[in-house]
Every structure is written in C-alpha cells, then in structure tokens.
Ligand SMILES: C[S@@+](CC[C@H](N)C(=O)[O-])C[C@H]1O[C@@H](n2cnc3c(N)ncnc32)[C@H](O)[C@@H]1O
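So this first bit is one chain, no partners, the form predicted on its own, shown in structure tokens.
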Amino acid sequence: MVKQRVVPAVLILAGVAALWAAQTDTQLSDRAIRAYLDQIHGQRGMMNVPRADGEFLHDFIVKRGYKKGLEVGTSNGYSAIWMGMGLRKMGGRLITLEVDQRRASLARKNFTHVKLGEVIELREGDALEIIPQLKGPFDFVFIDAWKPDYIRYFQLLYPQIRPGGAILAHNVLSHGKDMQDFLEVIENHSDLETHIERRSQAGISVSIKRQ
C-alpha cells in the first residue's frame, strides 16, 4: 500500500491565498474596484457623477468596443475609474485632464490604489491648452468640466473623434441653461445622432458621429 501524503488544510488555504495575492498584485477585480468607488464617491470638495452614470459609462464603452478615450474634468478620478474598468476589458486607454492640482493629486492616488495606472493617464493643466496638443483620433470623449466652456471643448474635439465615435457630456439636464450653445449644436448637427441618457437627474448627452 502506498501511503498518501496528507497536506494540512492550513497549508492549502495559505497556498490559495498566495495565488490570489499574486493574481491581484497588478490587477484588482471589478468587484473590488466598485467597492472602492463607493468609498471615494463624494470625497470632500470633489464633483463626482452619480453611480448610475458611472455604470452607464462603463457599459457604453464595453458595448461599443471603444479603446481610446478622453475625459475633460477628472476631479478625484471617480468617473475615470469607471471608464478605466471598461477600457481595461477592451485593452484600451484613457487620457483624463484636470486643471486643479489638489484634485489631480487625489486622482493619481485613487488610480494607483485600484491599479489602473497603466490604463488611465492623467494630464494636469488647462484642457483648452492641452487638447490641441493631443493626437487623435479618439473613440470617445466625456466632458464634465466648466459648463459654459462645453462649446469650446466641442469645437476643439469634434475633429478628433473618429466616425462611429461618441461625444458625451454630463449635467445636460441639471445645468442645461449654462450650456445652451453646446446643446443647440449637438442637437442640430447634421453629422451627429444625439440622445439624452436620463439614468440620473444630471443627464448625459450622447452624440454619435455618423460613419
């Protein structure tokens, strides 16, 4: 009779734990990231999209298979992380722009914590100055910054969005009066198909550039 070696249960559990740690050393699960997002939502002085809008951005990216994205207005990185999760699935990347130094610093820490540093690149400075230096085309842009400047962002970014790509803008319902010129353009543009996502009271305009 050949005696079988009995491995103590504690060693088996330790091995599983070590394997899990090794797998997650460079990548966190969506579940872990979502839990962290719940923690940082509403950090003092930050302006975050509602969770429902973050989920929409994630799902929209995955559904359309987008890989190259741009965000105007990072804040603490809440919405960028939602998009980063979607882009990670697609093998894509996100550039996010933030003018405020304190917010940018906090966003970097949050990106590091959720291990999305290789997916999300933060560029600090005035978006109106940075955008002309960017190399497109982009699959999509998400605008969530100073509302009266939405039209200026649009004018700079429209040529950089590929056919089939999307221009998304936040707060079009809650702050529509501050961006009337932008709303008129996207609603009447002959090369855009625009609708409003109403998952939250803020509202997200979604404008798809025709092929």
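Predicted, not measured: the structure shown is a model, and the values here were computed from it. One rule holds for the numbers: they count along the sequence shown, beginning at 1.
Form predicted in complex with this ligand: not shown, discussed below.
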D126: heavy atom within 4.5 Å of this ligand in the model of the complex? yes
Does any heavy atom of V49 come within 4.5 Å of a heavy atom of this ligand in the model of the complex? yes
Heavy atom of L134 within 4.5 Å of this ligand in the model of the complex: no
With heavy atoms only and a cut-off of 4.5 Å, decide whether G73 touches this ligand in the model of the complex. yes
Considering this ligand in the model of the complex, find the one stretch among 61-69, 28-36, 41-49, 182-190 with heavy atoms no farther than 4.5 Å from it. 41-49
Can you pick out, from L97, L106, V114, M85, the residue that has a heavy atom within 4.5 Å of this ligand in the model of the complex? L97
